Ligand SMILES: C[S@@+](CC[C@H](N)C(=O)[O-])C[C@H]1O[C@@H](n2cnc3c(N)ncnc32)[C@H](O)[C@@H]1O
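Shown here is one chain on its own, the form predicted alone, set out as structure tokens.
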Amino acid sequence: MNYIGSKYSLLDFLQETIEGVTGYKTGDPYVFADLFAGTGIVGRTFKQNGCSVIANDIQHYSFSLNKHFIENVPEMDDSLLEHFNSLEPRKGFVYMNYCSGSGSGRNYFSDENGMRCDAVRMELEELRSKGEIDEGTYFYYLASLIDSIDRYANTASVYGAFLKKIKNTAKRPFFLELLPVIVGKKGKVYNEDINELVKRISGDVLYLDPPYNTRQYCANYHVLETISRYDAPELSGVTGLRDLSRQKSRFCSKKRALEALDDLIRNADFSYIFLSYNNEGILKLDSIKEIMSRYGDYSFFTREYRRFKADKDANRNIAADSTTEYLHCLKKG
């Protein structure tokens, strides 16, 4: 997925720095926590490296992705793929609310692909309710559906708006494709407020990648959230937003982010804490240094990387093509 804040291009930097600071090497059996997990790219990398991974995210679509990547281990049952891809299209919640043919006024997917998505999602829920598939299999296919349908979305990139006309990539007939199953130890995944969860868990390395600005992930990916939950929420406005009041992050608020970070670091029962943050975030770098230095030995490392551009036209007035990523490091005292 083309995901805001993805650390895919920074994985080498993260691994090298974490190894250098902690002394842990690939294959060492330590506990690694990724508590702003997003699409799970960092957690599943450390799972492959031999870690016992704890993952968390307040967004349910992220929870579903990580339930598969972190908790599932080979071999998974891929025999249902042909069944899902041969289902008759159904006019479910996705078609009725995110496709223009239903009269919703929204154009997130082509009519056919919206109905194909509904067919898979409804069948998956029915198989689970009947006890015909277990939890691991359920999240294997649900995560794959979330990842697959995103490639057919009729958006510039995120779901803050849809395009008026169906673009070529969104016209392609939708087919479910299965995600890889990550080799490694079975981990544990949560869907909770991080500041509450951190009080109940412990480990060796805590990696934090909070939102850097005021744009809430729940608004940018609300359609995927609804597909993941499939809870028929009441939608509002032109873009069809669901009620997001319980999913807004304090780290997107200039007034609340500093206090939330201090609370998080103070309550974290981990030997090492690493915080990713760039030079354009709402938290000042000196403020981060001040907070983390209160709780142990602090240092930081930097790396330049290319800016995420959801819409090139919207970003054409931004002078810099790259930003500086800071990896703040704390050895708790």
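Residue numbers run from 1 along the displayed sequence. All values derive from a computational prediction rather than experimental measurement.
Not pictured, yet referred to below: the form predicted in complex with this ligand.
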In the predicted bound form, segment of 232 to 240, 105 to 113, 163 to 171, 248 to 256 with a heavy atom within 4.5 Å of this ligand
248 to 256
This ligand in the predicted bound form: within 4.5 Å of a heavy atom of each of Asp12, Thr22 and Asp204?
no
Picking from Ile288, Ile58, Ile54, Ala268, the single residue whose non-hydrogen atoms come within 4.5 angstroms of this ligand in the predicted bound form is Ile58
Could you work out which of Glu71, Glu123, Asp193, Asp263 is the residue within 4.5 angstroms of this ligand in the predicted bound form, going by heavy atoms?
Asp193
Taking the shortest heavy atom distance, is Phe274 within 4.5 Å of this ligand in the predicted bound form?
no
Is Lys7 a contact residue for this ligand in the predicted bound form, using a 4.5 Å heavy atom cut-off?
yes
In the predicted bound form, does Thr39 have a heavy atom within 4.5 Å of this ligand?
yes
Counting only non-hydrogen atoms and a 4.5 angstroms cut-off, does Asp118 reach this ligand in the predicted bound form?
no
